[in-house]
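Alright, here's a single protein chain in two forms, structure 1 and structure 2, each given by itself as structure tokens.
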Structure 1
């Protein structure tokens, strides 16, 4: 069985993003970067599946340039067997990226595409759904549990109303939610070993994607800040306020 895991490098989730001087992008120079947390969870899940099913091969894929080599090496250090870089601008819109991925996947033979449900920079939560539409494959979004059966997969998904349990067929697209697992720590020797592993490069032209973007980012700005209120020192006073609003 072949699993494709898409990975994206984002600003570390503990770092507050700053708007760059062009007013349209965020500062990345000198900022700590890492796995988009949802992608890391997706990769961890693929590795756990491979540990139970030895015939599983995991490919880690990202879209970008030479600056993305590190995230692919990290993916291989963590447990991906091979890695693919699609050479394109990594700030393309989500539909464009979904079309690129769909064109790539159509040429290969994958059984499962495991993805993070969203990236913590753009916060779109689009691409798994778009891929499902473009490839006409089943999808299971926001997974908090994935269990591989013979020709099908049992999943639990987190939705607004609770948890949905369902069985879906292969090939399929799965997106990870936060509670799916806790990614492992990568030991240093594995990081060093991964430095010499090959990265397969695919040019955007070879995928023949026809797309004209129709949405343009014009500016980034900071949200309005709430005014800080007052602190109440006295418990009795607080209880009175709370009883007033809770009635």
Structure 2
């Protein structure tokens, strides 16, 4: 069984993002970057599956430039067997990324695509659904539990109403939620060993995907500051205030 885990480097979740001087992008130079938390959870789950099923091979994949090498090496230090970098310097929207992944997967044979449900920079939560549609594969979103059973997978999914249990067929797309697992601590020897492991590079042009920009970002702005709340003495006063607001 082959599992592909998509990973992404984002601004560290402890860092307060700042808008760049062009008003259209976010400052990344000199800013601490890290493993997108949901991608790290997805990779941890793939590793746990491999520990139970020794025939599993895990590939970590990201889209970007040479600056993404560290995130792939961390993936191999965690336990990924190989890593792939699809070289792309362009700013790609989520649909383009889904098409690129679809084209790559069409040339390889994977049984499971494990992804974070979203990245903490864009917070789009688009790509798992788009990729499932492009490949016509079953999908399980927001997984909080994954269990392989022969040629199917039993999952539990977190939704607004609670937990949904379902069985889906292979091949499939799975996206991880926060409660799926807690990623492991990586020992220093494994980090050192990962520095010498090869990273397979694939040219974006070789996948023959049209990635002409279709969306233009015109401006970024910070949300308005919340106004100070007003204290009320009793319920009657609150009702009068609400009547004024709802007029």
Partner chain sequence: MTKAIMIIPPHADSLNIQYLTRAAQKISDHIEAVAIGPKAPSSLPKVIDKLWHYPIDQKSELSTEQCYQIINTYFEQGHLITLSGTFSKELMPFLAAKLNIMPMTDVIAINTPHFKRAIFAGNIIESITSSQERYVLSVRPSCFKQEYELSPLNAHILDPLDIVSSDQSLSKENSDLPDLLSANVVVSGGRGFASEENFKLLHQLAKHYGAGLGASRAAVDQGYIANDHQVGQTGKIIAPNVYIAFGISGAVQHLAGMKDSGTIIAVNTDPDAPIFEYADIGYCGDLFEVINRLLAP
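Residue numbers count along the first chain shown, from 1. Under this definition, the rigid core comprises the largest set of C-alpha atoms superposing within 1.5 Å between the forms. Predicted, not measured: the structure shown is a model, and the values here were computed from it.
Between the two displayed forms of this chain, it is structure 1 that matches the form predicted in complex with the partner chain. Positional change of residue 239 between structures 1 and 2 reaches 2 Å or more at the C-alpha, relative to the superposed core. Aligning the rigid core between structures 1 and 2 leaves the CA of residue 230 offset by 7.4 Å.
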